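This document opens with one chain alone, in structure tokens, the form predicted on its own.
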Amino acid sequence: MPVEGEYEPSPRQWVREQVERYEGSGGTEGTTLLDTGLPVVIVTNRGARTGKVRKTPLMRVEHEGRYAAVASMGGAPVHPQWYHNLRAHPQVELQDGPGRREMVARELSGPERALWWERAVAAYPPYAEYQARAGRLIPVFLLEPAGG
């Protein structure tokens, strides 16, 4: 089921601009984090408190059609807001380039988290530094196609 409703853009300007560029081009522009060359996807979800539609660029960590969503917030000591959104409303839409698909998010633990954490660090090495300074275990969600 698509994530529909009133869209509330991020209060962060760079996030708003990245999402607008990505979606406005049909997924052909704005596909790297702040033009670093490192690929991102756009995750659309429903807000935990407001119920409004939110959109977040996240690092592209993909394996066999499944994706990791790493709640690093740049190594901050708190989880990003989207972490709470995915826990409350695990049905999301993911845009990877021009492709869009419905996904279901679930938080990982144990060996499964460790495996996806390794994949995440391989895709975006700064995650290791973020974990070292976060003072919390950085959550990792697995986004899988809806319906299995």
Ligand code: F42
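For every residue, the number given is its place in the sequence shown, counted from 1. Because the structure is predicted, anything quoted here is derived from the model rather than measured.
A second form of this protein, the form predicted together with coenzyme F420, is not displayed here; the remarks below concern that form.
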Is His84 a contact residue for coenzyme F420 in the predicted complex, using a 4.5 Å heavy atom cut-off?
-> yes
Flag Thr28 as yes or no: does it have a non-hydrogen atom within 4.5 angstroms of any non-hydrogen atom of coenzyme F420 in the predicted complex?
-> no
is_contact(Val70, coenzyme F420) in the predicted complex, heavy atom dist at most 4.5 Å = yes
Given that the partner is absent here, does Val40 sit within 4.5 Å of coenzyme F420 in the predicted complex, heavy atoms only?
-> yes
Would you confirm whether the three residues Val92, Trp117 and Pro125 all fall within 4.5 Å of coenzyme F420 in the predicted complex, going by non-hydrogen atoms?
-> no
Picking from Val104, Leu108, Val121, Leu33, the single residue whose non-hydrogen atoms come within 4.5 angstroms of coenzyme F420 in the predicted complex is Leu33
In sequence order, the residues of 49 to 86 that place a heavy atom within 4.5 Å of coenzyme F420 in the predicted complex are Arg49, Thr50, Gly51, Arg54, Thr56, Pro57, Leu58, Met59, Val70, Ala71, Ser72, Met73, Pro80, Gln81, Trp82, His84, Asn85
